[in-house]
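To begin, one chain is listed below as structure tokens, in the form predicted on its own.
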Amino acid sequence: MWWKILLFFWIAVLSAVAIVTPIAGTLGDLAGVAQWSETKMIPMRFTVTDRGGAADDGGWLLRGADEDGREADFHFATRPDGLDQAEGYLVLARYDTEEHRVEVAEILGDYPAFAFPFIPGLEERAKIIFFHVPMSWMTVVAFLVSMWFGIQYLRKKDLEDDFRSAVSAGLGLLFCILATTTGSLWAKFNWGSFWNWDPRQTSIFVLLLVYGAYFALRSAIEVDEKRASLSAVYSIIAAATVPFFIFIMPRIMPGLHPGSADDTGSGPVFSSGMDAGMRVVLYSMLLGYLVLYAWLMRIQMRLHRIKLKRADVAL
């Protein structure tokens, strides 16, 4: 029982960390944004190196350094509260190319000990990676496990293997729907619409159809052995297409999704340029979802055995 409580605690804490952790850029990010927009503001954190003094316009200037050690003047409309005690700040700011200083529009909080990096074009929306990617990967795992138990059924003709294969395929379909939903939400805010027929979206839609047909096949056959045999063969053929639709097709075709043929990166999971903090949270979420999947499989198998025992008693 304790590990189940720990599992929910693990996923809940990681979800909270993923959502609550602020996004913070650097002076380099500010300068880069200023090249294409002088009014665009981004969050950034900096430590105070000089308490500064009153500015000519009635505001307040202080000297600060970002996490890379670069320094700049930060201009506030008024003297920041608690300046004498503050180690640093998390602010919403832009870079003033004429005055060569950082214009602070709002103080978001004190200097955070931990923050995710600012990713141009994504910003807060980048956090969906902690939910969308684990769901996508669990889709692959579940479908491959379904194939494995399909093979086991063909070898041993044990109906329990058939049930395991069907349960795993069902969980894979659930994770596939969740991955599609979270991906569509991200697409709406980043690409402008929920669905763009990007190669990645198209491939996952095809998988939904493939495994929807799997369950249509199972529901159409009443004889257990015949249903199990045909389902096992179908699960093997269907799972053989999963690596193509998930890993190959989206990478050989140009698209909007990270990791496409015209993207220089390798995708969010294998990219060596991903921030270390984001990588730890992402992989921890992957582990949590993997254990959750195994637990759901176990619950379904226990319920199945209980139903079989009740059926034997009734006979």
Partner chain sequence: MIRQAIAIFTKDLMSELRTRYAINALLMFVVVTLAVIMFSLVGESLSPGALTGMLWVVMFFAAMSGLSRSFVAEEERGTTMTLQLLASPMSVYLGKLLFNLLLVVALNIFIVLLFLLVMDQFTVAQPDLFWTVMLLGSVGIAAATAIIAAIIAKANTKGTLFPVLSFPVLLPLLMAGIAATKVAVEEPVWDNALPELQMLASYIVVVVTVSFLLFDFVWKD
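Residue numbers count along the first chain shown, from 1. These figures come from a predicted structure and were not determined experimentally.
Same protein, other form: the form predicted together with the partner chain, not shown, and the subject of what follows.
Not one of 5, 21 and 114 is positioned with any heavy atom within 4.5 Å of the partner chain in the predicted complex.
Proximity of residue 101 to the partner chain in the predicted complex falls outside the 4.5 Å heavy atom cutoff. Using a 4.5 Å cutoff between non-hydrogen atoms, residue 241 counts as a contact of the partner chain in the predicted complex.
In the predicted complex, the partner chain lies within 4.5 Å of some heavy atom of residue 157. A residue is said to contact a partner when one of its heavy atoms sits within 4.5 Å of a partner heavy atom; residue 34 fails this definition for the partner chain in the predicted complex, lying far away. Stretch-level contact check against the partner chain in the predicted complex with heavy atoms at 4.5 Å: of 83 to 91, 106 to 114, 214 to 222, 136 to 144, the positive one is 214 to 222. Among 148, 245, 76, 118, the residue placing a heavy atom within 4.5 Å of the partner chain in the predicted complex is 245. With the partner omitted here, the residue from 62, 27, 249, 286 that has a non-hydrogen atom within 4.5 angstroms of the partner chain in the predicted complex is 249.
Residues 220, 221, 222, 226, 229, 230, 233, 234, 236, 237 are the ones in 218 to 237 with at least one heavy atom within 4.5 Å of the partner chain in the predicted complex, listed in sequence order.
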